[in-house]
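Shown here is one chain on its own, the form predicted on its own, set out as structure tokens.
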């Protein structure tokens, strides 16, 4: 069992989400940066779909009530066991009564903690994920909450000797985040969609797990009228009448009525989830 000492800005339980239910109006949710969550799970020998903890920007402090093996991946941040520095992207042994601190992210926004055996808890429609839009799943974690860990065999030395390659680089706050865009079903609703890369947007403070909201160069509609509501997927870039695009993330709605100019692939979607407020973003059409 693990106890929450400080949940930071936002600490939630996430897994692979509620797949295959969008036609029922149920969003997928799950880890915002899915590749980072899968990497954290691989580091401790879990299945890729095991539930993890997702910390947002300011990190979290956790206390162990039993011996566990954990790994931290995603947005780079200082990690401490007590007052001793610990590595990211490597398995870490923790004894009962030890404290793990994930500090403020140096770059990016979301950091993932996997525990060998996975984070346990009630399933809602087949998932343990916290969905901040629909309210499905457990509430965000708070001080004093206790997290149950699943049963797992004792790790062998091969777990600590395994290599998983370098973690993906997350752009710093002073760098431009380049997102590759594949044309969407309503790209013809936007004037000059082929010149998207000429615009440099900024991530706004209104961004969250639902969507990355961008401000800056206006993407003007090329026609008038209204669209019927259409299905939305994670990574869809919707352009409302304001011309300021929204990149939908893990907790996106299942439908939307504004034109979708493009869709991000998984690599660019992971980068989008790590954009900090104020960070510059450029959208480039895939060739």
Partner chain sequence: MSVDVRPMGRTAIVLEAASTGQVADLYERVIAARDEGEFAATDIVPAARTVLIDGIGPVDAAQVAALARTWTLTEAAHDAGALVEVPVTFDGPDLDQVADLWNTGRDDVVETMLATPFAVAFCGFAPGFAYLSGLGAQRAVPRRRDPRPQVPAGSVGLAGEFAGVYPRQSPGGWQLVGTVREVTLWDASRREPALLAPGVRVRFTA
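Numbering follows the first chain given and starts at 1. Quantities reported herein were computed from a predicted structural model and do not represent experimental measurements.
Below, we refer to the form predicted in complex with the partner chain, which is not included among the displayed structures.
- In the predicted bound form, no residue of the candidate spot (174, 177 and 207) has a heavy atom lying within 4.5 Å of the partner chain.
- The listed set 186, 202, 93, 199 contains one residue whose heavy atoms approach the partner chain in the predicted bound form to within 4.5 Å, identified as 186.
- In terms of contact with the partner chain in the predicted bound form, the residue from 244, 49, 254, 58 that brings a heavy atom within 4.5 Å is 254.
- You can rule out all but one of 106 to 114, 121 to 129, 166 to 174, 79 to 87: in the predicted bound form, only 121 to 129 has residues with a heavy atom within 4.5 Å of the partner chain.
- In the predicted bound form, residue 228 approaches the partner chain with a heavy atom inside 4.5 Å.
- The partner chain in the predicted bound form comes within 4.5 Å of a heavy atom belonging to residue 22.
- The partner chain is not drawn, but in the predicted bound form it has a heavy atom within 4.5 Å of residue 134.
- Proximity of residue 28 to the partner chain in the predicted bound form: non-hydrogen atoms within 4.5 Å are present.
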